[in-house]
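Below: one protein chain in two forms, given as structure tokens, structure 1 then structure 2.
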Structure 1
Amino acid sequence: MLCPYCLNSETKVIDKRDNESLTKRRRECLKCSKRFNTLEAVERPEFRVIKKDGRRENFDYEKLKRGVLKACEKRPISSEKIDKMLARTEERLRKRGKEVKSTLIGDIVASELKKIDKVAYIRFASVYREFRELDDFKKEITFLVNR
């Protein structure tokens, strides 16, 4: 690890904290004695998403997160709960292999959101299942209420 101040390669770790998928280290340079932080994350192997039209693209965690955050906007859902849901979703997807269908991603996210917040679920489902009419919303809400 290079010191960002003097570029010396000899540092020592003063403190280490693990936070789910990240490790944060507080380091001190042995030459200039300045301190700095580093973050370490596990590099995840890539997998591909098979879109509805047959195209394939790399899985984009940030794209998934944006969609979920949009569905959860202005709802009483903590960011910690959303992050845990996204981590569970990604883990389930990775267990499916090197390629997963986009419909599977939508189904998993919808089922996770249904457990957390029904309104967020309806918002997500309306985009994912391409609701066109008010009746589409009514059917989904009726289905939710009667379960």
Structure 2
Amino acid sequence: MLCPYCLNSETKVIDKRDNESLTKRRRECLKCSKRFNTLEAVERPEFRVIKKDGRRENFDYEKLKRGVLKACEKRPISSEKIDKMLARTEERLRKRGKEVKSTLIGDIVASELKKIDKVAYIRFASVYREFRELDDFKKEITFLVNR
């Protein structure tokens, strides 16, 4: 922890108080003796999505969910399974940093769906990856069927 005044990295904790989901510590720099506070919080950084045309928007979980639910429509997949899959997806995206390309979202969702339900996967892939030719479709299906 860097002292915000002299940038020294050795500090000690003088006091600590918890507050719901936040932990506040009072620290003292071992070098310049100045005091300052720090906050500890659960890591859940926001991230943004870069669309194909370069525009940015905040990640929208509900939007992701809608897309996935649509692909899973009428398929025998429990809500629980879907929720877990969505959580995993969000985690994977979060790990990619503060900004992720929208195409990456599609890729990750696809890879997750593939693990769960082939039909849902194909449905999703056909939309998100914008399979240009029926050929791509056919290739994917052949590939899946052969396994």
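Every value quoted in this text rests on a predicted model; they were computed, and no experiment measured them. Counting starts at 1 with the first residue of structure 1 and goes up one by one along its sequence. If you superpose the two forms and keep the largest set of C-alpha atoms that fall within 1.5 Å, you have the rigid core.
By the stated condition, namely the form predicted together with the DNA, the second structure is the one that fits. Under the rigid two-part model of the rearrangement between structure 1 and structure 2, R26 and L69 move as members of distinct parts. This chain moves as two rigid pieces, and the smaller piece turns through 108° between structure 1 and structure 2. Once the rigid core is matched between structure 1 and structure 2, the CA atom of K31 is found 50.9 Å away. At P45, the distance the Cα travels between structure 1 and structure 2 is 3.2 Å after the core is superposed.
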